[in-house]
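Before any questions on binding or motion, here is one chain by itself as structure tokens, the form predicted alone.
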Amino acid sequence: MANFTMGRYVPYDSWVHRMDPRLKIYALIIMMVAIFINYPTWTMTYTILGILFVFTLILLWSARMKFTSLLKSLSGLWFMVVFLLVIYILVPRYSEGNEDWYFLIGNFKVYWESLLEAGKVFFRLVVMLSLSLVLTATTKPLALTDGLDWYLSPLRWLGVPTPILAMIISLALRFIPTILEDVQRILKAQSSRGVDFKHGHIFAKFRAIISLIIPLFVSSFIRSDELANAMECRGYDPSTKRTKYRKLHFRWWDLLEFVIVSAIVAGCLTICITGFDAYSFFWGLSLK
């Protein structure tokens, strides 16, 4: 958990850091659409996800973030990969006319489509978390709050307190790494007192987890109280209209980035709607 970097701002001077936070939020949302839509074939699915992953790696490299930081943040996904494989093995998935199985585990047939489905879910999670990492690592918490408040501003006509909602969301993102650091600290403290989190039967592990959860809740409430006092000392009043020291402005390169991201997602949607298969298309051209 100490290696988890989600929610931590990394202060560098790159073009990704200088992007307008509203554009980065927009890019994250529509890229999620491109990630989770269903493509006509498995070839196109993995091709598109691979292209999006390479695009994410380019963003990480441009933001001067190390690839190892991404691997450390994704280290917790390996358990999910194994879990997905087990689920898809026990619940076979195959399409009519495509019932080729790869190998047997006892009396269970493991189908190619089950493995491909598990890989697709894992690949989607990797790309999604990578894009979220780019957003949180290259955007200051205050800028992220302003961007969220700008998107939520139409709800003010309905009486929704959008500045409060934006502040809550940004604080939640900001305190993810802090809470994980508290978990690591409490784990070490409880282990030094003789609590065993790795061995013993299930009830012993459950009691060990309780010894972790209760101090974590206490620590979180203390941090919340300290944060509330600090905000009051700085004159924060959610019931009054807030002024901003720095205002967001779109620049010409933000427009260029908007066009590039929109074009990528538009291409993905076109492939999904038309059922385009690049493999069949180029294979047909080679036969001609």
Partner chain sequence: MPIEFSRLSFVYNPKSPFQSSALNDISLLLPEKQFIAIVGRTGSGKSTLIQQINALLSPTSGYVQIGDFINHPEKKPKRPKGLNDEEKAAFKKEERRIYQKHKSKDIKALRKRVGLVFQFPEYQLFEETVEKDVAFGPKNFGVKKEDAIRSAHEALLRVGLDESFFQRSPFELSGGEKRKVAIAGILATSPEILIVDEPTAGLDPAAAKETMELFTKIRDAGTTVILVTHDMDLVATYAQMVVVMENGRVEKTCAPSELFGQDLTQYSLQNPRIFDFALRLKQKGLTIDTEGIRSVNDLAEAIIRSKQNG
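Positions refer to the first chain, counted from 1. It should be emphasised that the depicted structure is a prediction, and the values quoted were computed from it without experimental measurement. Throughout, rigid core stands for the largest set of C-alpha atoms superposing within 1.5 Å between the two forms.
Just so it is clear, the following notes concern the form predicted in complex with the partner chain, a form of the same protein that is not shown.
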item	value
Stretch from 52 to 60, 38 to 46, 255 to 263, 218 to 226 whose residues place a heavy atom within 4.5 Å of the partner chain in the model of the complex	218 to 226
R185, heavy atom within 4.5 angstroms of the partner chain in the model of the complex	yes
Contact flag, Y9 vs the partner chain in the model of the complex, heavy atom cut 4.5 Å	yes
4.5 angstroms heavy atom contact with the partner chain in the model of the complex for V195	yes
Contact of R207 with the partner chain in the model of the complex (heavy atom, 4.5 Å)	yes
Proximity to the partner chain in the model of the complex, single hit among R234, K66, H249, R246 (heavy atom within 4.5 Å)	K66
The unique member of T178, Q190, S153, S132 whose heavy atoms fall within 4.5 Å of the partner chain in the model of the complex	Q190
Is_shifted S224 between the shown form and the other one (CA, 2 Å cut-off, rigid core)	yes
Core-aligned C-alpha movement of S132 between the shown form and the other one, 2 Å or more	no
Inter-Cα distance between P177 and L131 in the model of the complex, nearer or further [3 Å or more]	farther
